[in-house]
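Next up: just one chain, as C-alpha cells, the form predicted on its own.
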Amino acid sequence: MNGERAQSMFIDGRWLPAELSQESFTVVNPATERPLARVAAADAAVVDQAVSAARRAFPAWRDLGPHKRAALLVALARQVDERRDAIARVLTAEQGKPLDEARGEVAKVARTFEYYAGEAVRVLGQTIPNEDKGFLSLVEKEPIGVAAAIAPWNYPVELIGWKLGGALAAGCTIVVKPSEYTPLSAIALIGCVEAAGFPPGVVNLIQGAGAVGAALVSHPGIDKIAFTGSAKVGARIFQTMGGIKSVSLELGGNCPLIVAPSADLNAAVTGALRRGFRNMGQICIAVNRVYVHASLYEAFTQRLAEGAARLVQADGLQHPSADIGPMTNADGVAKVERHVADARAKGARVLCGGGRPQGFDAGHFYAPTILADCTPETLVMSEETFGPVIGIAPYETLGEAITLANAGPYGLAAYVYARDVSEIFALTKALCFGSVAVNNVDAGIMNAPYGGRKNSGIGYEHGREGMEGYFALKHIRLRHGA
C-alpha cells in the first residue's frame, strides 16, 4: 500500500491536494483483506467548497443549452469506454465482484450517459388552455439547481452514473459522495468527467463516511438529494437535510420470487440463481425469498441447491470469469451469519452453504446458501439480507403467495415465473412493487422508470423519469388580448 494519501476529491475542475485534508481512511481489498490505499476525507470546509463551486457553475451550465450538454455526455461515454478495463480493475479490487462483471458494470455506465445525452434534447413543456379568453398558460421545465448524489458500494460506478446522467442532462450541477468502501472507482469515473471537458464546478467529488454525507445533504446550497442505500439512512436524510428539498431515495428491497404452478421449473431455477447470487446478493433487487407452489416445491429446492453448489467463487482479479467473489465488508458477512443462524433456530433446512467456503483463509467470503422451509418469522423472509442467501417456502394458492410476497415494508421489485396467462395477470396486478419481472429477473432497463413503493423509496431513476426528478416546473400565465 502506498503510504501517501491519494488525490481523491475533485472540486471546481481540479484535484485537491491530499494534504489539505486532516482526515483519511483506508480502503481494503475484500478478497484479501489487504489495504489498497489511504484516501483523504472531506471536512465541513471542503463540503462547503464543493457546494459553492457547484453553485457558481450552475447558471452557465443551465444556460449552455441541451445540445452542448448532450455532446459532453457523449464525450463522457467515450472516455468511460476507453478506460473500461482500468476502471473495472479498480472496482473489483475495492468491491469484490469478478472482473468480467465489473467490466459489464462500467460498460453499462457508458450506455447510461449515451441514453441521457439523447434525453437532454427532448425536454418538452406544455401549453394549457385557459377558461378566460385572451390568456395562455405555458408550463416550462427548469433545472432544479445543485444536486447532492450519495451512492452505495454495491454498484459504485453504475449508481453514480445514473445520478450523473439524469442531473447533467437536466442542466443541474452536482456534488458526488461515494461510499467510503469504494472511493477509488469513483475517482476513476470522475477522471473521465475531467477528460471529457466538462466546465469547472459542474461535477464535484468529495469523500468520506456518514458525517460527510450528513454535512452535504444539510448544506443550504443543495437543492436536490439523490440517494441510494439503506432504508435506515434514507429516513435519517429527512431528519438532517436542514430544510425542504427535492428528494429521491432508492432504498431496500427484500424482493420475492413467486414460482406459480405453471412455471417452467428450469427457467425459474436459473433465474433465482442469477438474481439471488449475482454480486453476492448485494443488490437491492436481489431475490431474497422464494415462494414455490407445493406441487413444485421439492423439485425446485433440490435443483436450486445443486445449482448454488456449482457456482464458482474466487478472487475476481485472479479469476475474472468467476460467478461470485467475496462480500464487500465484514458487516455484511455478520448480517448474513445472523440471518442464517436465525433460520436454523426456527427450523429451516440448510440445503447448501451456511458458512465460510473451503479453501479461503482470508477475505470476506461466504458460501452461497439455500434455506428451505422458512417461515414468515425468519429474518431472511422478513428483512433484506443483502448477501448470498435465498430463503424458500411453499404455498398452496396464488392468494396465499400474494399475501406472503406483499407482506413487510418493502416494495422495490418482485419476480414471477408462470406460463398460464391467468396466473401471470393475477400476480402482476396484485403485487405491490415498483417493478415486476415475469419469466426473467432483469427488473430494470435504462429507458423505463425504476423506483420502489413503501419503504423502498420515493422518486425514480432510469428512463425519462430519472431526468424529470432534476426539474422544477414553472407555470407562466400570459395575457395576450383584451
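As the structure is a computational prediction, the values presented were derived from the model and not from experiment. Residue positions are given as counts along the sequence shown, with the first one as 1.
Not pictured, yet referred to below: the form predicted together with a small molecule.
Peer 1: Quick one: from 340, 327, 268, 284, grab the residue that has a heavy atom within 4.5 Å of the small molecule in the predicted bound form.
Peer 2: By the 4.5 Å heavy-atom cutoff, the listed residue in contact is 284.
Peer 1: Name the single residue among 411, 353, 161, 229 that comes within 4.5 Å of the small molecule in the predicted bound form, judging by heavy atoms.
Peer 2: Contact check passes for 229.
Peer 1: Just one of 249 to 257, 310 to 318, 362 to 370, 87 to 95 has heavy atoms within 4.5 Å of the small molecule in the predicted bound form; which?
Peer 2: Single hit among the candidates: 249 to 257.
Peer 1: Does any part of residue 177 reach within 4.5 Å of the small molecule in the predicted bound form? Heavy atoms only, please.
Peer 2: Result yes; residue 177 sits at the interface with the small molecule in the predicted bound form.
Peer 1: I'd like to know if residue 303 sits close to the small molecule in the predicted bound form, meaning any non-hydrogen atom pair within 4.5 angstroms.
Peer 2: No - in the predicted bound form, heavy atoms of residue 303 and the small molecule never come within 4.5 Å of each other.
Peer 1: Under a 4.5 Å heavy atom criterion, is residue 277 part of the interface with the small molecule in the predicted bound form?
Peer 2: So residue 277 does not count as contacting the small molecule.
Peer 1: Is residue 77 close enough to the small molecule in the predicted bound form to count, meaning some heavy atom within 4.5 Å?
Peer 2: No, residue 77 sits far enough from the small molecule in the predicted bound form that none of its heavy atoms falls within 4.5 Å.
Peer 1: Looking in the predicted bound form, is the small molecule within 4.5 angstroms of a heavy atom from every one of 65, 121 and 141?
Peer 2: Per the other structure, none of 65, 121 and 141 touch the small molecule.
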